[in-house]
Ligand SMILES: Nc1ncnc2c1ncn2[C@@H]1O[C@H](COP(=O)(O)OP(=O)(O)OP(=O)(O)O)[C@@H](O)[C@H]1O
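Below, in structure tokens: the form predicted on its own, a single chain.
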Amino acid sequence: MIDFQNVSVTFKQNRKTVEAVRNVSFQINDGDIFGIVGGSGAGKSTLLRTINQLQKVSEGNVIVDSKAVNNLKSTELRLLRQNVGMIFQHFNLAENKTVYQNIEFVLKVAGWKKNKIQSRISELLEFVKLSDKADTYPSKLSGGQKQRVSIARALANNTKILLCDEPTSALDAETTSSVLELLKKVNNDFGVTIVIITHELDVVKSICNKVVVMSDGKVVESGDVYSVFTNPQNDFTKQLIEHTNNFDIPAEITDIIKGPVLKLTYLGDNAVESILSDTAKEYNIRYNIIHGKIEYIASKPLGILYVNIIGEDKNIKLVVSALKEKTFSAEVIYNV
């Protein structure tokens, strides 16, 4: 378990005192894939680095496996860091070393014997599907391949905790998906606790089971991913999520629309039921779907539809009322 207890981090920057992290408290359980999200300057990366003490704590404690890491002596801290792997946005591979040598370096530092190093590296490269790249230099690899090497290197010493600082920000959508699937496999196969720092909400929705939202150095919301993303309580969290969920109807469409446009939000089983069509038949109205999607967060569906309702005024009012009862929310966002 990782336990942040009233953690604050303050430092000097350009003769000014910066409060990067402010009195943060929450827990990460063993085996979690835990997301920490927020905008630039929210304190995410600073907080992440307190786990392995690359960033010192000004106040409070960071507890890892029942030990306050901010109080560890140098020898104990070195042992902790050997069990905490880290991957970065820009990979941080040694360009003058081959893939094999990049991973080998970690094992040598950890004191592995020469006869075990080769088999361990072979095992890791097979796991990340890069067995044929052992003698390749990073400059010859794609971004996704580089991140896979970074993951293999981070896991080399039988890592218990993996810290990921914006691990997909430098990757395209397809490569991002493959890297996230690999991280899920790391968690499932080895039970590694993964902490992911990101500003990309889709990353958290696709892989994490728990999340905290940070703003201005503080945690403003926390909980399981599905609850936070489907029913946020904090205004800052609502703004983050609305930015990804809102859809602006083009003027070319609004010019020809007759009747109200509803934004319907479906949660859980409702997202895959025929609520809209059943309600339309019941009240003798027609509808046009302008925009919509169903996405899965922690394997649970969230559906959002933008629908133009067409029919007699009295029936439209009944439909809107019925949909408000049958869905998570039904909001009239446009009406002519």
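Think of the rigid core as the biggest set of C-alphas that the two forms share within 1.5 Å after superposition. This is a predicted model, so every value here is computed, not measured. When you see a residue number, it is the position in the sequence shown, counting from 1.
There is also a form predicted together with the ligand; it is not shown, and the following applies to it.
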Practice prompt. Spell out, yes or no, whether the shortest heavy atom distance between residue 70 and the ligand in the predicted bound form is within 4.5 Å.
Written response: no
Discussion item. Residue-level question: is residue 45 within 4.5 Å of the ligand in the predicted bound form, judged on heavy atoms?
Written reply: yes
Item to complete: Report whether the minimum heavy atom distance between residue 14 and the ligand in the predicted bound form is within 4.5 Å.
Response: no
Discussion item. Within 4.5 Å, heavy atoms only: does residue 41 come near the ligand in the predicted bound form?
Written reply: yes
Discussion item. So the ligand isn't shown here. In the predicted bound form, which residue out of 323, 20, 316, 24 has a non-hydrogen atom within 4.5 Å of it?
Written reply: 20
Worksheet item: 302-310, 60-68, 45-53, 279-287: which one contacts the ligand in the predicted bound form at 4.5 Å, heavy atom to heavy atom?
Response: 45-53
Worksheet item: Can you name the residues of 147-170 that have a non-hydrogen atom within 4.5 angstroms of the ligand in the predicted bound form?
Response: 166
Discussion item. Once the core is aligned, does residue 17 move its Cα by at least 2 Å between this form and the one not shown?
Written reply: no
